[in-house]
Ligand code: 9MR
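Here's a solo chain for you in structure tokens, the form predicted on its own.
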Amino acid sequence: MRLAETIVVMTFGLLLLCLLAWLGGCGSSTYQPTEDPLFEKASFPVGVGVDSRGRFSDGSRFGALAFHHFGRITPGNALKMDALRPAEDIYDFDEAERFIALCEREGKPVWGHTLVWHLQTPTWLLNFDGTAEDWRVLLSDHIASTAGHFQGRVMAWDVVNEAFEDDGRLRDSLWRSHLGDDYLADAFRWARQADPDAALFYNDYGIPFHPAKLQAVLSMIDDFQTRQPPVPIDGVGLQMHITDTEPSIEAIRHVLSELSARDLQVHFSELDVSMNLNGLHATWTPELAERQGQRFFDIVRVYRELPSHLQAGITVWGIGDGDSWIRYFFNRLDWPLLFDEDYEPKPAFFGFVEGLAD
């Protein structure tokens, strides 16, 4: 084949490949949401929790919606211990750095999740054989290294996550078993030392559902605030993994009242609304959509009852229904988020928006 013919064939082939790629979805990189940004309608911060891998950084609708509608971003996994410490003496910040750098380029603050948790720990930790002092050094170093590495780049930390059982007992985690009950207070002190300017939060699920858990959290806070010097804690994250009926708005209002009385900020940290808790629904219906939209409206409304200086914000736990942790964790069909599988806004989105209106 002559050179000129070869060039023509190659050029045609490249054009064909580009056309096929565009038809296959490459054009999604230019996607622009048509609705006004959600977070700009709110008087308090509105954020979203996302996984740092895959679609978040590839210019798809997933990433476009995250940056368009939400004012800050929480990494779902990139700052957890198993992602950061492949070995006892090795820290790998690469994935977290990519996540935070992307948020910084987009002008979005990052909420850190989480420094201390009993789950998603690295395998080597389960086999760690050391004294109580060795465990203390290990955890203090992890907090100092992680929060210190991102000092000034992470606005707040979920310092301790899910330390209490539903009945109010302190969870018998590996941290408690090796360090005793006071590991919680130590974790907050170490976090403050590592980043004096970051807000420090305790984060847990089911607090409005379980009075005993609420009382345990309040007792911890009272203890922290009355010590001399006080243990540094700025707020509480209420993981709002809820349904369209439970917990009641009155139960949520009671929790907000108790935390407000202690002058603590409140973060609705992981908001999603399950509509198929018992697996009874095989399809998404207009009736379910309407109920869910009303529920998002009610949640936003009750949150707005907080004094403005205690409103740390609401973080929705995911973008589209197809990405929700509920589907893979419980192996259950559900539709808990503001956008559907195609990233189109649902009545839930518009219910949230209406809840923000005066």
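Numbers follow the displayed sequence, beginning with 1. Fair warning: this is a prediction, and the values are worked out from it, not measured in the lab.
Keep in mind the form predicted together with the ligand is missing from the figure; the text below concerns it.
The contact with the ligand in the predicted bound form, taken as any heavy atom within 4.5 Å, belongs to His241 out of Arg85, His210, His241, Arg72.
Of the listed positions (Thr121, Ser140, Asn276, Asn161), a single one reaches within 4.5 angstroms of the ligand by any non-hydrogen atom in the predicted bound form, namely Asn161.
Here the chain stands alone, but in the predicted bound form its contact with the ligand, taken as any heavy atom within 4.5 Å, falls in 110 to 118 among 110 to 118, 143 to 151, 250 to 258, 192 to 200. For the chain shown alone, His178 is not a contact residue for the ligand in the predicted bound form, no non-hydrogen atom being within 4.5 angstroms. Using a 4.5 Å cutoff between non-hydrogen atoms, Trp325 counts as a contact of the ligand in the predicted bound form. Of the heavy atoms in Asn77, some are within 4.5 Å of the ligand in the predicted bound form. Though the partner is left out of this view, Trp317 does reach within 4.5 Å of the ligand in the predicted bound form, counting heavy atoms only. The single residue of 268 to 293 lying near the ligand in the predicted bound form is Glu270, the criterion being any heavy atom within 4.5 Å.
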